[in-house]
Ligand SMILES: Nc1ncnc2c1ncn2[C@@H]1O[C@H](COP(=O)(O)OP(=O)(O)OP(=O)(O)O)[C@@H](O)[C@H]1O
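A single chain, nothing else alongside it, follows as structure tokens in the form predicted alone.
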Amino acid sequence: MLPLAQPALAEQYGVMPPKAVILFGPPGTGKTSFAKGVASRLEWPFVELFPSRLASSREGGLATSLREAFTDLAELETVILFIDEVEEIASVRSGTAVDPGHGVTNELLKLIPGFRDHDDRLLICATNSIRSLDPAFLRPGRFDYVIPVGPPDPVARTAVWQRYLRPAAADVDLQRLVEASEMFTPADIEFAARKGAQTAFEREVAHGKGTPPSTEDYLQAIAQTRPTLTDQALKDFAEDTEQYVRM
């Protein structure tokens, strides 16, 4: 973010600010939060483009809708454009011209250079499966960085638990929760934290005991939460990190 926040200084040192990056990693690991965090730090507008919501009924279909969306963004002086699940519009092409996905992928490939020509803009694409993206989409020159966003380590899990426990963090054994949630994504931790608080709330409504959520409440919630991460997902992520990372 520093070259984007201080472009004059970056130019003085010959540093080129990034214009487009890809985030990849298992679902729920925080790719959207990462993109929003960049926008917040830079104080730039955050615009999310949903591939699944692009109108396909008008003449020209998805490719036309995509081109019009990029045209609308030209009115903004600064912008973070975030495209989640970009594999929906940039997956490996079949090689058959009549393939409906062929045209929209080609259109996106043509739009990226034009987007890069403008200062104070950053395209952030996110995917759960970087290996499914078209090789032409990933080549250097289109994206400056390809960044892995993996599962949280113990330090990160502690921070995420503290965020969602809020005042209750002072009354629970945080270390036990961190250890019990080893395979959890931030989204999984948020769900378990809400579930543990809900248990205490329902106990208060039913019995009027007035006890805050306990460590056991949260451990029970963890046990009842199916983690998003699997051994196979972590193996795939490690392989993708080895093959695709560019930072």
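Start at 1 and count along the sequence shown; that's the residue number. Values in this document were obtained by computation on a predicted structure and should not be read as measured data.
The same protein also has a form predicted in complex with the ligand, omitted here; what follows describes it.
Taking the partner from the other structure, the ligand in the predicted complex has no heavy atom within 4.5 Å of any heavy atom of I89.
In the predicted complex, at least one heavy atom of P27 sits within 4.5 Å of the ligand. When contacts are judged by a 4.5 Å heavy atom cut-off, A168 does not count as touching the ligand in the predicted complex.
Interface residue remark: A187 is counted as part of the site for the ligand in the predicted complex, having a heavy atom within 4.5 Å. Contact annotation: the ligand lies within 4.5 Å of heavy atoms from the stretch 19 to 27 in the predicted complex, the single such stretch among 235 to 243, 6 to 14, 219 to 227, 19 to 27. Between the ligand and the residues R139, K110, R131, R163, the one pair within 4.5 Å by heavy atoms in the predicted complex involves R163.
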